[in-house]
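This text opens with one protein chain seen in two forms, each one given by itself as structure tokens under the names structure 1 and structure 2.
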Structure 1
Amino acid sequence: MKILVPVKQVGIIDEDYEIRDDGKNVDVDFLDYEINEWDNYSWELALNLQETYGEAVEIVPLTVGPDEAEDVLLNCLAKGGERGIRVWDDALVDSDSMAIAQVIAKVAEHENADYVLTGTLSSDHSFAATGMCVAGLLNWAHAAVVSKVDITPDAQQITVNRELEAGIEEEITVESPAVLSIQLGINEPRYASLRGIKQAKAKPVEVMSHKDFGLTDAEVGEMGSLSKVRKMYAPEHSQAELIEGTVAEQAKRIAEIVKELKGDT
């Protein structure tokens, strides 16, 4: 059984930030980068499966991103797994979920993967769409917001719990192969020590381009995307108010606000 785990390097915005001159994204000067939080959980799931079933399971992290994004693969490989894949090409800039999914789906085919485990969403753009797109392109089953899984190697069907609104859980069976989008809290991701990360540098990372899988430039990047960012901005009006003063003064002000909102005055 082979499990492909796409992981994403996301940008974390500082409190003071500026929007890029073209108005379409945050200025990179104000970004720190780290692994998407959800992807820690999907990778942990893969690691747990491999630890349970040993050699019967191969797990491979994949990222679509430039050189710097290799850090997230190292972070994964520090915890386990033997090799990683990174796909990049300048033509991939400004890809949306669909365009990225094109690449992931091709890698899944190429690798003969049985499962693709994505995060439910990524913290920077929050589309929550990549997993779904991959499943669509591969014509595989898909389950989103997965909070519990029971996968055994060679199973034709697996049982999956999904988190719904109001704390309701849904238990479903899914045909394999499948794409699962994993929710936070499904497990406790382990710590990758800095020594581990350094040692992971010895593990091979295959660097490829979308063209290696027969995708054309038109199928990826902005051209291959179904959506396009027109403008990014901070909404002007904010309801927030900082209440200062002594505890008594603060309490008084809160009472006033409550009354105002209730329309008592």
Structure 2
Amino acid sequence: MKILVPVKQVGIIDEDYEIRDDGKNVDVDFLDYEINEWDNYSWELALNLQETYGEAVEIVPLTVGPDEAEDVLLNCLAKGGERGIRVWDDALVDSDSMAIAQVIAKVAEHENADYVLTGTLSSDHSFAATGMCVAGLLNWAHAAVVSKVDITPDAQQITVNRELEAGIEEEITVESPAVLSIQLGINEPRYASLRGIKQAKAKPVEVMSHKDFGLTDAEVGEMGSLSKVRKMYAPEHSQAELIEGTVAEQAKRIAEIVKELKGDT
């Protein structure tokens, strides 16, 4: 059983930042980077399955990103797994969820994967769309917001628990192969040991382009995206006022504010 785990490097915005010149994203000089929080849980699930079933399970982390994104693969490989895959080309810049999903789906086909474990969403864009897009492209079953899963090698069906609204949880049967979008709290992600961090640097990371999987430049990047960022900006914040004083003074001030908002003089 082979499990492909897409992991993403997400940008963390400083308190003071600037939008890049084209107005479509934050200037990279104001970003710090780390692995997407949800992806920590999907990778931990893969590690647990490999530890349970040994050589019957192969786990492979995948990231779509430039050279610096290789850090997220090393982060994963420091905890376990034997190799990673990174896909990048300048044509992939500004790819949306659908364009990235096309790459992930092609890698899954190339690797003959049985399962793709994504995070439920990413902490930067929060679209929660990549998993379902990958499943649609592969024509595989998909389950989102997965909080518990029972997978065994060579199983034709797996049992999955999903989080629903109002604290409700449902248990469903999913045909394999499948794409599962993993929710926070499904497990407790481990920390990488110092030894694991050193060993990760010696593990192979295969670097490929979307073209290696038969995708053209027109199918990725902004041209291949079904959605396009028009602009990014910080919305104006409303002014808040802390009302102090006695109860009578506070009530008087509230009445004044209501009159001001209504335009009464």
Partner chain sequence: MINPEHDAQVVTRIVQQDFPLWMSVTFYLAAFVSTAIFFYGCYIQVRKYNRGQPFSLTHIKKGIVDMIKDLLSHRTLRRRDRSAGLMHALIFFSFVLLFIGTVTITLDYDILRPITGRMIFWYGEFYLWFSFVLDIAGLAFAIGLLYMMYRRKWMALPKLNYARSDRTQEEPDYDRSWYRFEDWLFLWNLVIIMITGYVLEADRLIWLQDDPTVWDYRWWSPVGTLFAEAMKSMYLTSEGAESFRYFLWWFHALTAFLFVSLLPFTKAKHIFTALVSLVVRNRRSPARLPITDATAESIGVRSITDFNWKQLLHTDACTKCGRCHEACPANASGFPLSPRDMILSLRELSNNTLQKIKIPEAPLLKVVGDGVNQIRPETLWSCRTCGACQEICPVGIEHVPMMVDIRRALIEEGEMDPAVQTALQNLQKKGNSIGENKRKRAAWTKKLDFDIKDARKKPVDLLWFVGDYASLDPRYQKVCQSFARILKTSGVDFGILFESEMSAGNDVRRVGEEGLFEYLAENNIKTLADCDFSRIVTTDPHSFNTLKNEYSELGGNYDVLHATQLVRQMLTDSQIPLARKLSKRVTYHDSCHLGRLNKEYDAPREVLGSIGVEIVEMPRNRDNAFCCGAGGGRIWTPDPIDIEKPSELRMKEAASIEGIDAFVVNCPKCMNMFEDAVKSTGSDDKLEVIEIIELVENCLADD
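These numbers come from a predicted model, not from an experiment. Sequence positions of structure 1, starting at 1, serve as the residue numbers. Here, rigid core means the biggest group of C-alpha atoms that superpose within 1.5 Å across both forms.
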| item | value |
| --- | --- |
| Displayed copy of the chain that is the form predicted on its own | 2 |
| Rigid-core frame, C-alpha of residue 193, shift of 2 angstroms or more between the two structures | yes |
| Rigid core superposed: residue 252 CA moves 2 Å or more between the two structures | yes |
